[in-house]
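Below you will find one chain, with nothing else, as structure tokens; this is the form predicted on its own, and questions on how it binds or moves follow later.
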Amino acid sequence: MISVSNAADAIIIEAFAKIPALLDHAPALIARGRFLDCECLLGPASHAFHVSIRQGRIVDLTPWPVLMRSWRFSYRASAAAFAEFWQPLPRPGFHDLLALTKRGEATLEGDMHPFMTHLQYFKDVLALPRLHFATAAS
């Protein structure tokens, strides 16, 4: 069980954990990532997830740290940044993953090649909760 500091963080973690199910209902997005196979860390900075992606599908999403599992890159942002990013119409500077890094709200570490090669895929995958988040947070 993940220990969570407050209810807002719990909502972000719960929304993030639903991304694989949301992705399963987006065949065009899976097709866009069909050449992507990687291990990465994604999610809130304080409660990231180890993500295994095979042919554009998230086949495993495990709360980090996971012993003896490597990853190629990590993209982690504050829970507040994800909360703003997932709004139906995010404010400028919170509308895009790279904008979040520029603002200092997110960090991108490691081998950036798979992330940058499949940038639109990751932007769209991490935006999947946008439609569902506003309803869950209210």
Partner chain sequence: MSGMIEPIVGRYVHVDIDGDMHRIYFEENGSGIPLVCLHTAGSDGRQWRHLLADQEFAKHFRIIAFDMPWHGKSNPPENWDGTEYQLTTARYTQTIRAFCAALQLEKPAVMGCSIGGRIVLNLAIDHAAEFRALIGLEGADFQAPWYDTSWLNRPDVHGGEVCAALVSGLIAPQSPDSSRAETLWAYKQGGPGVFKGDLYFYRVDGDLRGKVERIDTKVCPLFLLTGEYDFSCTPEDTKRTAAAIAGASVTIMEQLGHFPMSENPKQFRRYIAPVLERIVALEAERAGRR
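Residue numbers count along the first chain shown, from 1. Quick caveat, the model's predicted, so the values are computed rather than measured.
The protein also exists as the form predicted together with the partner chain; that form is not presented, and the subsequent description refers to it.
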{"item": "The partner chain in the model of the complex reached by all of Lys102, Met112 and Thr117, non-hydrogen atom within 4.5 Å", "value": "yes"}
{"item": "Interface segment, criterion being heavy atoms within 4.5 Å of the partner chain in the model of the complex, picked from 85-93, 22-30, 38-46, 54-62", "value": "85-93"}
{"item": "Partner proximity in the model of the complex: Lys18 to the partner chain, non-hydrogen atom cutoff 4.5 Å", "value": "no"}
{"item": "4.5 Å heavy atom contact, Leu98 to the partner chain in the model of the complex", "value": "yes"}
